[in-house]
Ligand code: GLU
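Here you get one chain, nothing else, as structure tokens; it is the form predicted on its own.
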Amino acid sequence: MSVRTRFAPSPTGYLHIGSVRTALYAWALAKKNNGSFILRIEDTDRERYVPNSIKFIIQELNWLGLQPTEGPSKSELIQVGEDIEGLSLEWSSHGGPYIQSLRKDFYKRYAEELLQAGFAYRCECTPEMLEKERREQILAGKRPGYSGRCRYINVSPEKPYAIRLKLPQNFSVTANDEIRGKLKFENPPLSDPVLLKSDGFPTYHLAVVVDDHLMKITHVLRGEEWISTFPIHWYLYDLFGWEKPKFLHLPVILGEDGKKLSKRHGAQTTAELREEGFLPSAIINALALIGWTHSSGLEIFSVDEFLRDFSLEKVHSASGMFSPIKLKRINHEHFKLMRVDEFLALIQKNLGLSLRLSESYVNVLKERTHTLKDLSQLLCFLIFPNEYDFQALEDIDKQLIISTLELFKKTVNENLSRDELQAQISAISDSINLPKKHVFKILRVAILRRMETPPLIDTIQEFGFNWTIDQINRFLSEFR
């Protein structure tokens, strides 16, 4: 059977890195085995739904290069009120709908099937009744949970009702996890969980089992927080008589303080990482290492190298830590791995600069680039050519600044080597009795607009004598 995996996020806002790690492993498993990677939107929690977050999820997956094989069509997105302007969907939608709120008929049918077979029952309890029952249980020192009140009465189908799963007494399940092995559950904490709510929407327990079966999912990858409900899902497969997929409950991602990384804990979203200037390949590299190890011990690798080495056997059961510092280091290494043409294309795409730079100068920029923000700061003299940091020169006499620049214009030429340029700047410093650091500061602001720049000498040599003199003349016209 062909490998079929899925990524099933809830449209409750931005994608955070824990979700992306799950999507990455599911995508890699399908890609490695020439299978299918399905995007399914689990939007049955209507209270937490954030408009247009489905569109955002799709755009973020595309940006990261984790394109699904199957997923929602534009017509599905329109039906649930999503904006589709500028959205490119390059996948099949023949097996949909892929948005759970459009699949309610499936869930109703299978819930009714369990009801007719005696494995489920109607429940008329209101939220107020359930809350009252819960408070009474807590006051009595009992574990909170549904008492099973409606299990023993005949609830009329004419009244609003939910459908609950009828769990057997002394409920015991032995289930298999591909990472953790056999897991045995004795009387798990859920008491007759709701499968279908009175508004016609399913709970996660019913929807995930029905959808994974109908979409022929072979491997379910999800976070270990779902282990507590795992026996319910396993039991539902048995009740329906369906073949079970392989389950992999991935370890949680920890923050640097050792606590579970979450949205509340400050887990960064893909949007924030993109805004800070991180590369998709570096994000994938960093997330791949949280729960998986390259067989050669590599810490820096391309997406293709990750795919070639990825396997379920190398996924850890222990939690891993996300380190922003490590991500920044990995991002820096991915810049360094870029070819010159790739680096220049990145500059044009992200900074709007069409440049022809030598390999040596590109290497100079790479060494100083950890994020795209760094790169934009380095090339600020080209992006904002009319913005000078005059304040940096406030401690130097105005006439000395002008004299330094005029003398530099007279004494330098395009034939000077790096060492000769350095010597010429030293000579200017001596001739006007101005410390060399001040001469460099004047030249840096005049030529490159500010103090945080690429190396001055390298930039002069890269852009040439005429360009350098032109920059000085532009500065003098603004400064005088």
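Because the structure is predicted, anything quoted here is derived from the model rather than measured. The first residue of the sequence shown is number 1, and the count goes up from there.
The same protein also exists as the form predicted together with the named molecule; that form is not shown, yet it is the one meant from here on.
Though the named molecule is absent from this view, in the predicted complex it lies within 4.5 Å of a heavy atom of just one residue from Phe390, Trp226, Phe384, Phe240, which is Trp226. Note on contacts: among Ala286, Leu196, Cys123, Leu221, the single residue with a heavy atom within 4.5 Å of the named molecule in the predicted complex is Leu221. Within 4.5 Å of any heavy atom of the named molecule in the predicted complex lies no heavy atom of Tyr146. Among heavy atoms of Ser10, some come within 4.5 Å of the named molecule in the predicted complex. Looking at Glu70, you'd find every heavy atom of it more than 4.5 angstroms from the named molecule in the predicted complex. Taking the partner from elsewhere, Ile163 is found to have every heavy atom lying beyond 4.5 Å of the named molecule in the predicted complex. Of the candidate stretches 131-139, 201-209, 371-379, 114-122, only 201-209 has residues with heavy atoms within 4.5 Å of the named molecule in the predicted complex.
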